[in-house]
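Just the one chain here, laid out as structure tokens, in the form predicted alone.
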């Protein structure tokens, strides 16, 4: 290992993303293992004030230019590639989100350096970098030995608790002068807000999430009955929404909403990282799945190995029986 550790500080619409702090937590571990410096790389326009929140890093490289105001992958790579070529670093940790997706792979291809995506962990072993990655929707984990520097690591959400990547201490800031292409081939036009649905899942305290295990649209009534007894709302994974059994406004996950209810039922949901990303901050997660090895059990507080079609009617009856009678006054 011959260089420093970098973390791309993902910012969107004037705010630092949570996954940035996850990356800083992992980056801090790698830097401490190798005796290297940890540097955050903040790219944007008029974003210097955001650097003060990145104190877990030893310093922040701030790349500021009007063309960098929006995270367009080709423009970001245009300014990051020369910087990587002139500075020594061992690894560059880049978030894998809808905002930053594509930057790492594009950068690695342009510089012809190794890249590993979907990383949930990384460490140095005998001076060489190793990464642990999730494949096939979390069904397989792979240990990858990285040959060559710098290594581009695409960091999967949930790699570390974001709290471990925060610090109240302001870091040293280095302003880096950049000259991106004045006529980029790809330009950001506008951000279109999603249409509001019949309910805002982000405001709900109880959510009943359903996945492929619900089998068909007729069985959705079972989940609706449970939600009605609990005073909650039904939501779903991408597979359920794609089938048309729920509207798009009820989708939870990477391609949907991020929710934080007090109680989240995961019924017939396998627990692919794309879905877990949207509900992993729930106060209590209760999972039901026929597969005892389903990844959802890794994030659930309580788990039941069983068929949701058989369980839901019994569970709904039991909860209804325990509810106090309605006030007739």
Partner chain sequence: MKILVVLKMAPDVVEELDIAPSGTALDPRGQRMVVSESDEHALEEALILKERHGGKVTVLALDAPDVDEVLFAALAKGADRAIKIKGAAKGLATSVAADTLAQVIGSELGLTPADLILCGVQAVDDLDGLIAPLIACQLGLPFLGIVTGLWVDAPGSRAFAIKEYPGGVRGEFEVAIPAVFGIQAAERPPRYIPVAKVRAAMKSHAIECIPAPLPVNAVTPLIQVLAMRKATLAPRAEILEGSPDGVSARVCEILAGRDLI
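This is a predicted model, so every value here is computed, not measured. Numbering follows the first chain given and starts at 1. Take the two forms, find the largest set of C-alpha atoms that superpose within 1.5 Å, and that set is the rigid core.
Not pictured, yet referred to below: the form predicted together with the partner chain.
A.B. asks: Thinking of the partner chain in the predicted complex, which stretch from 87-95, 217-225, 234-242, 163-171 has heavy atoms inside 4.5 Å of it?
C.D. replies: Residues of 234-242 come within 4.5 Å of the partner.
A.B. asks: Any chance residue 293 has a heavy atom within 4.5 Å of the partner chain in the predicted complex?
C.D. replies: Yes, residue 293 sits close enough to the partner chain in the predicted complex that at least one of its heavy atoms falls within 4.5 Å.
A.B. asks: Do residue 35 and the partner chain share at least one heavy atom pair within 4.5 Å in the predicted complex?
C.D. replies: Although the partner chain is absent here, residue 35 would stay clear of it in the predicted complex, with no heavy atoms inside 4.5 Å.
A.B. asks: Using a 4.5 angstroms cut-off on non-hydrogen atoms, would residue 199 count as touching the partner chain in the predicted complex?
C.D. replies: Contact check for residue 199: no, nothing within 4.5 Å of the partner chain in the predicted complex.
A.B. asks: Residue 175 versus the partner chain, in the predicted complex: is there a non-hydrogen atom within 4.5 Å?
C.D. replies: Residue 175: no, not in contact with the partner chain in the predicted complex.
A.B. asks: Is the partner chain in the predicted complex near all of 114, 188 and 304, within 4.5 Å of a heavy atom of each?
C.D. replies: Checking in the predicted complex: 114, 188 and 304 are all within 4.5 Å of the partner chain.
A.B. asks: Is any part of 297-320 within 4.5 angstroms of the partner chain in the predicted complex by a non-hydrogen atom, and which residues would that be?
C.D. replies: Residues within 4.5 Å: 297, 298, 299, 300, 301, 302, 303, 304, 305, 310, 311, 314, 315, 317, 318, 319.
A.B. asks: At a 2 Å cut-off on C-alpha positions, does residue 228 qualify as shifted between the shown form and the other one after fitting the rigid core?
C.D. replies: Yes; that C-alpha moves by at least 2 Å between the shown form and the other one.
A.B. asks: So with the core overlaid, does the Cα of residue 17 end up 2 Å or more away between the shown form and the other one?
C.D. replies: It does not reach a 2 Å shift.
A.B. asks: Does residue 40 move appreciably between the shown form and the other one, meaning a CA displacement of 2 Å or more on the superposed rigid core?
C.D. replies: No: residue 40 shifts by under 2 Å between the shown form and the other one.
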